[in-house]
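Just the one chain here, the form predicted on its own, laid out as structure tokens.
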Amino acid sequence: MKALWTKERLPIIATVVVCLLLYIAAGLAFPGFFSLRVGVNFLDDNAFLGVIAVGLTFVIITGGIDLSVGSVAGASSILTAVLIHRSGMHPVLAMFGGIGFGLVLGLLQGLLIARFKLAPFLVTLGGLFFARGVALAISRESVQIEHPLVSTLASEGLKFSKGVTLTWNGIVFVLFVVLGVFLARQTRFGRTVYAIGGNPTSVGTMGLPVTATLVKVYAFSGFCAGLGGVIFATYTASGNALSGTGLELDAIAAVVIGGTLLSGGYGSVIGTLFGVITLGIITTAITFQGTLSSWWSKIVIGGLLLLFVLIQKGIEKTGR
């Protein structure tokens, strides 16, 4: 039991503790908060954010950042909706189109960052503007999606009891968490990601494929952002070029609250899962309260983010 409380594990332990305390406090304050339906909704309602945060976790572990994910999600959602609604394309092909956009842009950003040694902040900031511009060029109006498959993805799935269903969107989120854990802990790719973030000055001399790994990391982040946009489109049965505005900040907050260090080298996808659920608990609790503005969720999230940044700073000073 003593080995559990190590400095290395402190961020994720803090995340789990805060998540549980918030859940218990909200459950005691609001009748029905402990219900299975509310618990399942944490996954369903935040599936698009969660998938994006999984990809972003790998980026931040390398010590990088991806500011383009929110705009990519918006572009993916409107592209998917337009291909289905206006072009008559089958939803599956349209979804691949939306995901493909994110993958290609992520790949290009990774090449610029890894091969040309450009700053991730500036490259992905350019990607943010580019993706948002593409989205607005596709359509400045919200496009509704009417197709049985889209309705099925947003309403059908794993049924726990009457009226409580983890939809296919939520299932995809859970599967990507499992995939992320496997990639991070059981593959050479994952070990290289941690090595890049943990010791960026000497990792190249260790014979590790640094350039190729960084390209893959940003390509994976773009893929997750594109998939997040598709999930958002099915969740809302519509596409909107302005959807995902500020989503990159929510995703970064979820990753950092999940215990991933901004300096790189440490973090986990499981921690990110708890970070996403923590944001979901805050948003749901404010909805249950009924009289507070939705902006209060941003205030609470901002406070938590500052708390976890301070925890990270303490860990860096004492040495991980």
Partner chain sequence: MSSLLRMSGIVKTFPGVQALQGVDFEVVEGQVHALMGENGAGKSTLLKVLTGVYPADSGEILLRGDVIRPRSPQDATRLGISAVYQELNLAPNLSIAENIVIGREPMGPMGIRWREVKRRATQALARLGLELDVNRPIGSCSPAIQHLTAIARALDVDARLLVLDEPTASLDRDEVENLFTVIHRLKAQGLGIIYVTHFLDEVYAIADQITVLRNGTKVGCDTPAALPKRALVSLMIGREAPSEEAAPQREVSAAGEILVSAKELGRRFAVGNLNFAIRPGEVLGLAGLLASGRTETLRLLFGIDRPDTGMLMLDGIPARLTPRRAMRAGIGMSPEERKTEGIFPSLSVRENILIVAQVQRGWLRRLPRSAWAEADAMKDELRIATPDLDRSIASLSGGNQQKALLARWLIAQPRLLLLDEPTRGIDVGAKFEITGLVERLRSEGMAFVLVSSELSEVVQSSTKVAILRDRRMIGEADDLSEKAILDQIAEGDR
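Positions refer to the first chain, counted from 1. All figures in this text were calculated on a predicted structure; none of them were measured in a lab.
Heads up, the form predicted in complex with the partner chain isn't pictured, but that's what we're talking about next.
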{"property": "Proximity to the partner chain in the predicted bound form, single hit among 155, 87, 199, 144 (heavy atom within 4.5 Å)", "result": "199"}
{"property": "Option touching the partner chain, based on a heavy atom within 4.5 Å in the predicted bound form, out of 223, 194, 235, 168", "result": "194"}
{"property": "Stretch in contact in the predicted bound form with the partner chain, which is absent here, among 201 to 209, 158 to 166, 73 to 81, 96 to 104 (heavy atoms within 4.5 Å)", "result": "201 to 209"}
{"property": "Contact at 182, 187 and 265 by the partner chain in the predicted bound form, all three, heavy atom at most 4.5 Å", "result": "yes"}
